[in-house]
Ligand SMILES: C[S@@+](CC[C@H](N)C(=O)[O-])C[C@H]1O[C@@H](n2cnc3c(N)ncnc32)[C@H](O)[C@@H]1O
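A single chain, nothing else alongside it, follows as structure tokens in the form predicted on its own.
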């Protein structure tokens, strides 16, 4: 089993010759670039693990296709399952603009019904990014995702981290809200918090391992990016330095525990 904190076969650093520009020529923000580098690394892992150069990918709760369309542009087949018809309509427009409609399949539905929607043992990779925080039952949703994976298939999960909320609230001078987030089992800072729940690394690992999948990598995502003023992080030279710093910190368990988001990769062995 690979050392936790390191990708099973990829890196969160930039690939040789990799650009931070999207398909339409728009430069990605530091946040979106970090998310894309993560997905690129996971795709590389799965190509190696499965021996398939073209992957069948499911983006659970993929919305408007922020990740799905770039994945399809790399030649992979992507099914986006999302409950919002408006988001799926936006996805289809984005796919048409990128000329990847033949590799994008949009389905209205919920993550908990993923096995019924796409079929068991049909998928090389499931992306579940910023979804578990809002589903009714994370364990049921994860079990459905695990069921659609083929042998060597992987589940990529990204969730919000309660530790980061505590830190951000303290830095903002909101001490009472920081204490509430620290002591609340769901990591919420109060009734006004728009997010139903957050997960620590340990909580996420436990709920994923209950599906029978093997955890092969854990990372922190946006360790520093959310703490740096936006105007500063958008400067090209400094943005590049911040991205490389993020890549190094993502592998460190100490910094991972403070990241805005936690990433976990689990595989069906």
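Positions refer to the first chain, counted from 1. The structure displayed is predicted, hence computed values, not measured ones.
A second form of this protein, the form predicted in complex with the named molecule, is not displayed here; the remarks below concern that form.
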(message) For the named molecule, considered in the model of the complex: do all three of 75, 78 and 122 come within 4.5 Å of it, counting heavy atoms only?
(response) no
(request) With heavy atoms only and a cut-off of 4.5 Å, decide whether residue 87 touches the named molecule in the model of the complex. (result) yes
(message) Against the named molecule in the model of the complex, would residue 197 count as a contact residue? Criterion: heavy atoms within 4.5 Å.
(response) no
(request) Would you check, heavy atoms only and a 4.5 Å threshold, whether residue 110 touches the named molecule in the model of the complex? (result) yes
(request) Decide whether residue 66 counts as a contact residue for the named molecule in the model of the complex under a heavy atom distance cut-off of 4.5 Å. (result) yes
(request) Taking 4.5 Å between heavy atoms as the contact cutoff, choose which of 140, 182, 134, 96 touches the named molecule in the model of the complex. (result) 134
(request) Could you work out which of 169, 188, 103, 129 is the residue within 4.5 angstroms of the named molecule in the model of the complex, going by heavy atoms? (result) 129
(request) Tell me, please, which stretch of 236-244, 54-62, 209-217, 222-230 lies within 4.5 angstroms of the named molecule in the model of the complex when heavy atoms are compared? (result) 54-62
